[in-house]
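Shown next as structure tokens: one chain only, the form predicted on its own.
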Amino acid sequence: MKTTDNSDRSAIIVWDLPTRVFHWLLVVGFALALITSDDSRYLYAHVYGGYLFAGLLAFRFIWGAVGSRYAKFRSFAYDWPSVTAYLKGLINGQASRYIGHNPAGSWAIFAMLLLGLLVVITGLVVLGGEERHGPLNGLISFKVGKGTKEIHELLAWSMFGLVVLHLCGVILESVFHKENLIWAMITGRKEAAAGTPGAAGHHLLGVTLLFVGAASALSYFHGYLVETADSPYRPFRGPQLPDNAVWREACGECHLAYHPNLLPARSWQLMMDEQAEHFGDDLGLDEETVKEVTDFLVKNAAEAGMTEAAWEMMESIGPDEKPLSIVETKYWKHEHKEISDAYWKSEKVRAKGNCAACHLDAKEGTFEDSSMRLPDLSKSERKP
């Protein structure tokens, strides 16, 4: 609904409470997902931002059909000529003022909803395929999950660009019509000519939506609130990998028993064939132990693709390569390239092979992104 009458104006409710709560929670969800997208350690928070974003989108699609007057999609379903006419009006200083969304803004809203839906879908594919979590866990391959990740990121940044464009439009319209549209989305009220119908407030639904959003955050992150130093919270649990008591005892006597999924079978076979010269030491294993450990290592090697780390390791190793040291592989170096030397030299780590110092699930061999926590450094260790 547009208006050009500046006389006898009064404030009416345009944006009902559910629409306003949706709008600002969507900002929170999208911002959280975007801010945490570059660091795998914050995958859990990134996923929550995505789930919140997805739930709010679902609500908005429903509310767009059954909501209040100005929240319904049909109230701002303008055709393209209306958009061009409005933009021309802005240029020549004759654009009409709209109580709800203007034509240009409406197209931006629909574009953001569509982009948001695509971001959610691709995000779930990545989560299910590459990370092996979420509703699509086990239904998507590692390859498809990793390939979809680039599309997911492109869509997310495209949406960010559209959000920036939307904000510019809001500021431009606010200046042009001399009204604060951001404040209107907070209070829900705008000035309108006498007799202009307002929207129902739907306050109970709005409060309920806000409560559900807050409760979801508290429930999702509750583990971090009750964790202790002796029992840190591990938000994502990887698959239960095969275990073997003989292997764990033989390999764990001197160091962490690195799960076989971290190297290809050919590497483990070579390592066991040369067990008498194992990095300068003779393991001294009898023939029966060597056979059992070798069989376990080869059977559950990286080729089995049981974890993301295993798949990534195989992707980074050439078909003829037989790496014997995990920390010398391309994948390991890529994943740890931003770790400061201060951590490797610290008392809590000491060596690059001490995976358990930073990975809470190193013993299990799953190496979930969100189970990695860098230890606190002392003041002396933090000095350059």
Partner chain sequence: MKKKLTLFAAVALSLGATAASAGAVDELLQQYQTQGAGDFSAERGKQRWHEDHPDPEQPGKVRNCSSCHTNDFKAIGKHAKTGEEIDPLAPSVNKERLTDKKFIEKWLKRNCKWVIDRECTPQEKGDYLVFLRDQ
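Numbering follows the first chain given and starts at 1. All values derive from a computational prediction rather than experimental measurement.
Below: the form predicted in complex with the partner chain, not depicted.
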*Examine H255 and determine whether its closest non-hydrogen atom to the partner chain in the model of the complex is within 4.5 angstroms.*
yes
*Can you check whether R350 is within 4.5 Å of the partner chain in the model of the complex, heavy atom basis?*
yes
_Distance check, D79 to the partner chain in the model of the complex, heavy atom within 4.5 Å_ = no
*Non-hydrogen atom contact S37 with the partner chain in the model of the complex at 4.5 angstroms*: no
*For the three residues D281, L285 and N354, verify that every one has a non-hydrogen atom within 4.5 Å of the partner chain in the model of the complex; reply yes or no.*
yes
*Looking at 202-210, 247-255, 94-102, 123-131, which lies within 4.5 angstroms of the partner chain in the model of the complex, counting heavy atoms?*
247-255
